[in-house]
Every structure is written in structure tokens, then in C-alpha cells.
Ligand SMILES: NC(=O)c1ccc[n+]([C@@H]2O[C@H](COP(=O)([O-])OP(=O)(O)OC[C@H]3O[C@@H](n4cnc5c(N)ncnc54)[C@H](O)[C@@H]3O)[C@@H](O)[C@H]2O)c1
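Below you'll find only one chain, the form predicted on its own, shown as C-alpha cells.
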Amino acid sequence: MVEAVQDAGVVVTGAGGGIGAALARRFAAEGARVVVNDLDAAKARAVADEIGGIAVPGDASAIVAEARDALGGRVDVYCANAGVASGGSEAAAENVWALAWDVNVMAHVRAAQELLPAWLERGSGRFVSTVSAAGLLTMIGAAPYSVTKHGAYAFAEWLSLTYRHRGLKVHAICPQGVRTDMLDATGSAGDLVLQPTAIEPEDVADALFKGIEEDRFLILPHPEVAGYYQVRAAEPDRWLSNMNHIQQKWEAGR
């Protein structure tokens, strides 16, 4: 058991399946009291019933107050996990860009606005952001997703550097492919880049809990991402050339 989460009030958004459901199950198994959120009310209730949690369905960016009430007035851990995998290029429709920005970034901002006053007052709180390796690197064929996941990572990083001395713990989870419906929706780009090394949602939960125990900000369920990130920072032209080769391979196979 991880002492930091025993009897904690935990909210997991987008927890009707995939990574979110795996996180909810793991927090419950570790002794936490868990609110399960999802836009799909039936899925939220199914996971909540399975783990002895509380279903609070609805828009992830607007359920903090209801979730707090459901947990007896206190949220200790908030997992900003809900996301949309918007594909397309710069030519993607405005509404596609707007939805990606709203769900992948602004939902995190709105949650932080609701949570931080109480957390900073008592000097403790934990914000878990499910970002994606795309937030550190990029993803071919998915400009809205890549750009907004960079934004999600930047916001998590900003929260950590701004408030860590006031008791805020922040974790940014950045996996590559995870065997979920979202991965299936990435199509041929996901088949080329993500499927070969895809892991299970439970592996992501394991990586998060190891990171919690070690008090680490950056959670890499695929450890090789650290090497890619280093090359991207140290040799950006080399990294971009390598990524462009993958882009060309994808275009040729479409």
C-alpha cells in the first residue's frame, strides 16, 4: 500500500474505460475513496460499482464541486485524465482545434482553479495530469492532439514549479501507445508509431504509483521516451529529420 493515498479522496476523470478506469481501480485497491467521472454515465457507474466508488458523470471540467461533496468536502488527489485524440493537420476544422484545446488543456486549468485555494490553504494536494508522450515529443498525423498535449504538459510543469514549496505534488504521465479505444482510433498512424510498443492501461497505473512513491514529476511508462526527449532537446534537427522519415513512411503506406 502507498501511504500517501490511503483513505485519500480521489477524483479520476475519463474513468469509464482505458487509463482512467485502470487508475480508478488502482487507487481503490490502495485504499482510497474514489470518484469515477466520465461523460458516459453508464460507464462511470459500472466502474464505480466495481470498485466501491462514487460515480459523478458529466463534463470533466465542471464536476469538481460535486465530486468534492461526494467525498465529504475534500479532494486530496485529482487525476485530469479525460482527453480527446484529435487527428488532422493545420487544416483541421476550428471546432476540432477548439474541442482539443478545451478538453486537453482548459479542463485541467478549470480543475486547478477549483482545487488550488483549498490545497494551498492546507498545504497539500496532488494533481495528476495524463498527458502523453506526444506532449514531450509529437505525433504524426495529429496536430491538434500534439499541440494541446504540449499545452497540458506545460501547465502541469508550471503548477509544479510554482506551488511545490506550498505542498502541491504534480505528476505528468507521458505514455506512448496504450491499448485503449483511443489507440484504436489513431488508425494507420497509431499502427505505425504506437502499436508495436503498446502497453496495458494497468502498466500506466503501475508507473504512476511508482512515481508517487519516488515523488517524481515526470512519469514515463515507456522508459525509452526519456532518450527520445533528450535527443529532441540536444539535437532538434536530427530529431526532426528522424520524425520526418517516419512521416514519409506513413504517407507512403496510406
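If you're wondering where the values come from, they're calculated on a predicted model, not measured in any experiment. One rule holds for the numbers: they count along the sequence shown, beginning at 1.
Although not depicted, the form predicted together with the named molecule is the subject of the following passage.
Across the options 77-85, 120-128, 90-98, 153-161, residues that bring heavy atoms within 4.5 Å of the named molecule in the predicted bound form belong to 77-85. Leu183 belongs to the set of residues with a heavy atom inside 4.5 Å of the named molecule in the predicted bound form. Put simply, Leu192 is far from the named molecule in the predicted bound form: not one heavy atom of it is within 4.5 Å.
Although the partner is absent here, Gly9 sits far enough away that none of its heavy atoms falls within 4.5 Å of the named molecule in the predicted bound form. Remark: Leu220 does not count among the residues lining the named molecule in the predicted bound form, judged by a heavy atom distance of 4.5 Å or less. The candidate site formed by Ile19, Gly58 and Gly177 is fully in contact with the named molecule in the predicted bound form, as each residue has a non-hydrogen atom within 4.5 angstroms of it. Residue Leu39 is the only one of Ala70, Val225, Ala46, Leu39 with a heavy atom lying within 4.5 Å of the named molecule in the predicted bound form. Contacts between stretch 129-167 and the named molecule, counted in the predicted bound form as any heavy atom lying within 4.5 Å, involve Thr130, Val131, Ser132, Tyr145, Lys149, listed in sequence order.
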